[in-house]
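Okay, here we've got a single chain as structure tokens, the form predicted on its own, with questions on binding and movement later.
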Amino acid sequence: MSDPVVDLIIIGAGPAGISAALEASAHGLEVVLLDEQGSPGGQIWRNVAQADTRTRQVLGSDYSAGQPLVEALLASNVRYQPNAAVWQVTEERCVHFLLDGKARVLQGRQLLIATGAMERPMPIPGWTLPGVMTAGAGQILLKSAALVPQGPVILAGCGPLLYLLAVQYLRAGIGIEALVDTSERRDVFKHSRQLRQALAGWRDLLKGLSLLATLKRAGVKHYRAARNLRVEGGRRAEALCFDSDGRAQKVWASLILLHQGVAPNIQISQSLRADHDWNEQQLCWVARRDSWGETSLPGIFIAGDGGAIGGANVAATQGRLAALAIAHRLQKIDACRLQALSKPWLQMLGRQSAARPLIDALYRPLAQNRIPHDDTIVCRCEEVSAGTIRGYVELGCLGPNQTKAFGRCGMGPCQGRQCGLSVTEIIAEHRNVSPAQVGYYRIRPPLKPITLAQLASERELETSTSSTPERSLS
């Protein structure tokens, strides 16, 4: 058995985690990459190594671009461990996780969190009915199991993922009843400063325009500037009602996919008590990091959408930069080498990030879709409504963490992942203060459910050089 302390532990095998692992390994670091999924790729490149030609055609070139990186990872010296569910991380860079039903622990000299993003909740009336899902969930089913809707489908909300999924469904032969867009075409002219800056990232802008052109050629009914969205139905979703073009609209469908962007997955960084700030542009909490991705906790880095939303290309570049900084920290490269190697990645990062301010401005979720009326459920796990949360504030509740004591809000299986942002903004609005003053849930381990029997079985992960064909460490 080798030294149980490894140079670098990476949590998450998406674009950021894979790129960081390859870069760090290339500079002689001993790297363990923990991944909750069964194969590398993250949400962006989910199941890409197993995807057939037809699936790659449906999902497009950006999806297929992940295959070479995944193949490079599996052929490298990186110790890739799939099916590892991290349930606790300590400031001392000790990572506890579940593997094959047993608890394991691994100590790292440095730690990189690359857990990516979560879909932002969209708590509109009727969003808890059967037949309502997120667009991201629809895409996951498409990538992981080639599952597609059987009946008419509506995509509603805002953000590039809506257009991408609509095009992917068209390629798969799925009819789209309507694209109900809460953004509007003329919004682009309100953001001239961001538009000028975004020209440096013109390739990303062209991709978006191409998706919209494809939908228009296909004759997809596209409602813009939609307001007052609500799902109607008895035992399941039957229709989406909304206002558009000054008229009340009602579109019938058996499946309604909602989406209004993504937010960083901050469960691990919040549990570590790393410093976080409220990002008013992206309407979410982001961990405070330096230019290399290091958080307020020494030796703990974040790369990719888990730090702030930037997309797959930005995530991969940030992963490379964090790995270089870690290699320098562990004296694998000197300062001159660090500067030389990082320069082209920093330049690339500037180009890749150029369009982000415009995207954030164009697809800013509407307040009415983030801060719902009183009768709308916000915490799905405990069935707590927005009105109930406002009632807590009237009784003296100051922040999300106190809502747990008032009525178990945020204490369900998702541990606040689906309601945290909504609860923060509801309380902030009702108190007439900023979300930064309200704060977020106090996240505690276990981050994932674990039994006492599993906890009792915990032991150090064996990190011998031998591995299975899947490069497992088990």
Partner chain sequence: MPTETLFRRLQLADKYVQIEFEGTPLTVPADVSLAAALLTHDLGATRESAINGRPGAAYCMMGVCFECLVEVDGQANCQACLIQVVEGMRVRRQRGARDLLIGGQGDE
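Because the structure is a prediction, the values reported are computed rather than measured. Residue numbers count along the first chain shown, from 1.
Just so you know, the form predicted in complex with the partner chain exists too; it's not on screen, but the next bit is about it.
Peer 1: Among the candidate residues Ala361, Cys94, Leu170, Cys381, which is the single one with a non-hydrogen atom no more than 4.5 Å from the partner chain in the predicted bound form?
Peer 2: Of Ala361, Cys94, Leu170, Cys381, the residue with a heavy atom within 4.5 Å of the partner chain in the predicted bound form is Cys381.
Peer 1: Counting any non-hydrogen atom inside 4.5 Å, which residue from Ala340, Met348, Ala137, Cys241 sits next to the partner chain in the predicted bound form?
Peer 2: Exactly one residue meets the criterion: Ala137.
Peer 1: Please state whether all three residues Arg46, Thr128 and Ile174 have a non-hydrogen atom within 4.5 angstroms of the partner chain in the predicted bound form.
Peer 2: Yes.
Peer 1: Among 25-33, 445-453, 429-437, 64-72, mark the stretch whose residues have heavy atoms within 4.5 Å of the partner chain in the predicted bound form.
Peer 2: Looking at the partner contacts, the answer comes out as 445-453.
Peer 1: Find out whether any non-hydrogen atom of Ala166 is located within 4.5 angstroms of the partner chain in the predicted bound form, and reply yes or no.
Peer 2: Heavy-atom contact with the partner chain at 4.5 Å: absent for Ala166.
Peer 1: Under a 4.5 Å heavy atom criterion, is Gly311 part of the interface with the partner chain in the predicted bound form?
Peer 2: Contact with the partner chain, no.
Peer 1: Answer yes if any heavy atom of Ala146 is within 4.5 Å of a heavy atom of the partner chain in the predicted bound form; otherwise answer no.
Peer 2: So Ala146 counts as contacting the partner chain.
Peer 1: Applying a 4.5 Å heavy atom distance criterion, does Met118 contact the partner chain in the predicted bound form?
Peer 2: Yes, Met118 is a contact residue.
Peer 1: Need the contact residues for 210-243: heavy atom within 4.5 Å of the partner chain in the predicted bound form, sequence order, or none if there are none.
Peer 2: Read in sequence order, the residues that approach the partner chain (within 4.5 Å, in the predicted bound form) are Arg235, Arg236.
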